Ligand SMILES: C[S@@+](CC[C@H](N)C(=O)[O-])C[C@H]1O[C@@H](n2cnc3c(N)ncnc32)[C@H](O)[C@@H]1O
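In structure tokens, one chain follows: the form predicted alone.
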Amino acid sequence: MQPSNTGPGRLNAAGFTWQGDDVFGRIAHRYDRLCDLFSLGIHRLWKRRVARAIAREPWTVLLDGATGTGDIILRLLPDVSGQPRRIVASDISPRMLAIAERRLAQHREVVELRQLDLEHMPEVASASVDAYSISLGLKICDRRLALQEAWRVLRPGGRLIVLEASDIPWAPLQGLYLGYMAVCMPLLGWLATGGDASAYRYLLQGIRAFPSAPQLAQELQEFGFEAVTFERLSLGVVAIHTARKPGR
């Protein structure tokens, strides 16, 4: 676990600040293609798995941070169809949200889209949501601030669900994976974005510096979350963490 260079004590694995570089706005229309390229399409399985994990949790109101283009919400909706549930899908990038809004236009009775900064969400009342999810976004923010906000907006007993980069427990294989990413991510990112170097620099740094699954689980416990569990996917390339805020 490494503090980033974005400020003293910050826990931003990618060293990324959206105020300084609107990279995700620039690549919004290519984002899903980049995910396919970097993961060889496996991200689709990860997103389906986390959508099912979210659906299994007991909630009426879900806040989804770093929604991006709405991929996971689209996968979640069939699992909650016909149930009295409401989803607030949020992202800091207006261009990402614009894509999500088009994709989710037929589900406006269930899904509300809002532009929110997951590090600071004064627009969301404390203890107002039953579940909070964030997928593949925790490594590009100050996770200390993001988890503080998640804790604040969750009701007592509320659930946290996180899909994020992790570690392959067998060190030689983890080394091969990081080597593959170090070679292929710059090349594929450069080709897919027309030479926008920052698009892959942040993601690669975030993958390298993000805590292992056990380390993130310990962080969640130190925040005060209970019933913290994690499930590694694709040998540990990513992991799904679930946790509960204490209370009724």
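Everything numeric in this text was worked out from a predicted model, so none of it was measured. Start at 1 and count along the sequence shown; that's the residue number.
The following text describes the form predicted in complex with the named molecule, which does not appear among the structures shown.
S.K.: Kindly indicate whether D71, S93 and I140 are, all three, within 4.5 angstroms of the named molecule in the predicted complex, using heavy atoms.
M.R.: Every residue of the candidate spot has a heavy atom within 4.5 Å of the named molecule in the predicted complex.
S.K.: With a 4.5 Å heavy atom cut-off, would you call A100 a contact of the named molecule in the predicted complex?
M.R.: No, A100 stays farther than 4.5 Å from the named molecule in the predicted complex.
S.K.: Could you confirm whether F210 comes within 4.5 Å of the named molecule in the predicted complex, counting heavy atoms only?
M.R.: F210: no, not in contact with the named molecule in the predicted complex.
S.K.: Could you tell me if S166 has a non-hydrogen atom within 4.5 Å of the named molecule in the predicted complex?
M.R.: Result no; S166 lies far from the named molecule in the predicted complex.
S.K.: Please run the contact check for V129 against the named molecule in the predicted complex: heavy atoms, 4.5 angstroms, yes or no?
M.R.: Heavy-atom contact with the named molecule at 4.5 Å: absent for V129.
S.K.: Tell me the stretch among 148 to 156, 111 to 119, 170 to 178, 81 to 89 that has any heavy atom within 4.5 angstroms of the named molecule in the predicted complex.
M.R.: Result of the contact check: 111 to 119.
S.K.: The named molecule isn't shown here, but in the predicted complex which of I161, L77, L104, L136 has a heavy atom within 4.5 Å of it?
M.R.: Result of the distance check: L136.
S.K.: Which residue, Y202, W59, Y31, F38, has a heavy atom that falls within 4.5 Å of the named molecule in the predicted complex?
M.R.: So the residue touching the named molecule in the predicted complex, by this definition, is Y31.
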